[in-house]
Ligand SMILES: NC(=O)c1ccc[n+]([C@@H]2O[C@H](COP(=O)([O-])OP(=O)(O)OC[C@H]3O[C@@H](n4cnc5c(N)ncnc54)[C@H](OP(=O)(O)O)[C@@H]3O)[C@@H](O)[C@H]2O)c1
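Only one chain is shown below, in structure tokens, and it's the form predicted on its own.
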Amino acid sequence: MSQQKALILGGRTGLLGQAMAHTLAREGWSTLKPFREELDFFDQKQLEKYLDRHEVELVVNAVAFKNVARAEDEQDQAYLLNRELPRILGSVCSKRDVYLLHFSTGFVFDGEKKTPYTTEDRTGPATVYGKSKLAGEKFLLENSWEKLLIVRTSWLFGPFKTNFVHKILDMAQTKKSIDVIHDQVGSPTNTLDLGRYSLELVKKKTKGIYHVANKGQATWCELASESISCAGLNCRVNPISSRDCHEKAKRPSYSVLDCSKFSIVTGVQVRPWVQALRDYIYYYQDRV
């Protein structure tokens, strides 16, 4: 039997894209990660020909404009990547009945809850990043087909590319103390876990919106402290308020995700973020 083929947008350089490529390859998939010179994701006809020529069965969209602060100033670029690209992918994949795995974010919510967000909760993003990601979701859902899967996730860390945890550990090696925000709460998530869990949904031929993240919650300050402790470094973490950062974007104060729907459908229990963090630091942290 021939290998199943997956086109992974972001598979060469992205934090999540590379993790997805790694996960799919380990599961026996043939992974396609074309350079921009090989495939213009925004050229619908070129994309259609590429999917047909390579007989692609799964498209993974791990590309996004992720810089929350910069999105406030670069709105056109944020909407191009976060809304227009999903629209194009949805049009191409739906016509060919190709499975599309699209990643979104907990920032589509307003952050006013104090309990984990479910897929049924009302959205209401406050940032351009969140609004543009939600717009991408809506475009896809307006033309939904049986092989559309949207996975919302949160606070990613993992191998293959620099991320928040990696930056914290770099600073902790040379500084006696660092300042980290203490009044934002989210679901820290290992990209390799996210890749494995998302693939479980694909195997089940699941459609619709799912929340997938590691279990538990933390502030940025707690995530930084746990990272430094796991790495055995001697650096103090000073908690500071979001107001002290003077960022243009007002990030949600609470973006923890409820993953119970995922567990019910797949039978898989997501593991705690602390365990996932330790695995990253002990085994993968140097792979960037």
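Start at 1 and count along the sequence shown; that's the residue number. All of these numbers come straight from a predicted model, not from anything done at the bench.
Keep in mind the form predicted in complex with this ligand is missing from the figure; the text below concerns it.
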Subject >> Contact residue in the predicted bound form, from T127, Q217, Q184, S154 (heavy atom within 4.5 Å of this ligand) >> reply: S154
Subject >> Listed residue that, although this ligand is not shown, lies within 4.5 Å of it in the predicted bound form (heavy atoms), from S132, T105, N190, S198 >> reply: T105
Original post:
in the predicted bound form, which of the stretches 37 to 45, 258 to 266, 24 to 32, 223 to 231 has residues with heavy atoms within 4.5 Å of this ligand?
Top reply: 37 to 45
Original post:
Would I150 count as touching this ligand in the predicted bound form under a 4.5 Å heavy atom rule?
Top reply: no
Subject >> V270, heavy atom within 4.5 angstroms of this ligand in the predicted bound form >> reply: no
**OP:** Indicate whether L277 is a 4.5 Å heavy atom neighbour of this ligand in the predicted bound form.
**Re:** no
Subject >> Heavy atom of H166 within 4.5 Å of this ligand in the predicted bound form >> reply: no
Original post:
Using a 4.5 Å cut-off on heavy atoms, which residues of 45 to 73 contact this ligand in the predicted bound form?
Top reply: A62, V63, A64, K66
